[in-house]
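Before any questions on binding or motion, here is one chain by itself as structure tokens, the form predicted alone.
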Amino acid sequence: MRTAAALIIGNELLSGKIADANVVVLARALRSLGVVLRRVVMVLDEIDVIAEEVRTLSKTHDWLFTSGGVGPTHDDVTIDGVARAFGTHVVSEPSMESMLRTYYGEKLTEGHLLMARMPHGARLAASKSMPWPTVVMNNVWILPGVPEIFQAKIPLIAEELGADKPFISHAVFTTLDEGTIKPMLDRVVSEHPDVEVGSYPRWSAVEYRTKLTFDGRDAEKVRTARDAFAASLPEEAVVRVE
């Protein structure tokens, strides 16, 4: 099974000034491609820390996706961190420089040109829908932190990674709490080892108390596990099945 990790970078995230919005977008996209997002790490804008995490995560996963730190300001150090992780230096890529000059015209500054920086040996990935290139160093995708731009990169990632068998997800909503459903839940987990089962209680919900999810790449096995669990509950306790 193909695996991925995410490295989320930014002082603003760890200080609580900004809430991350990119992990959920990445996770959903990867599951639709049949890729498991196994780990997410969030770090400050520190080159050495970024480099250490990139080295570790890129070695232990098929892909690593970074988010943040690719702009022109003093705290945008992701490119430097990735370069250091792979023992190389940073260069200014001519085609990216040309695109920047065309886009900004007379308003171009040296600060704008910093956005053409990339680790030596990296490649540029682009498509018709996303002409502005994304820097890819080995198996590391270096993505922007701005949510709108990050999300716009997803189709390009999907195109490059290619779709494997996607994950299927079904759910059961019940008025019972986790303590009550535990015996039935344990039974379905034991009897359906190929299906990932999750339990998510809601304390203030009027409609239901617990949502149970059933995930896997074999649609029949997922549906069988869901239906087995739903059948184990009192009929009146099942709000709906999805």
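Not measured: the values here are computed from a predicted model. Note that residue numbering follows the sequence shown and begins at 1.
The same protein also has a form predicted together with a further copy of the same chain, omitted here; what follows describes it.
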In the model of the complex, residue 224 touching a further copy of the same chain (heavy atom, 4.5 Å): no
Residue 15: touches a further copy of the same chain in the model of the complex, heavy atom cutoff 4.5 angstroms: yes
Residue contact check: residue 74 to a further copy of the same chain in the model of the complex, 4.5 Å heavy atom: yes
Residue 62 within 4.5 Å of a further copy of the same chain in the model of the complex, heavy atoms: no
Location of a further copy of the same chain contact in the model of the complex, chosen stretch of 118-126, 78-86, 157-165, 102-110 [non-hydrogen atom, 4.5 Å]: 102-110
Partner contacts for 170-196, taking a further copy of the same chain in the model of the complex and a 4.5 Å heavy atom cut-off: 177, 178, 179, 180, 182, 185, 186, 189, 196
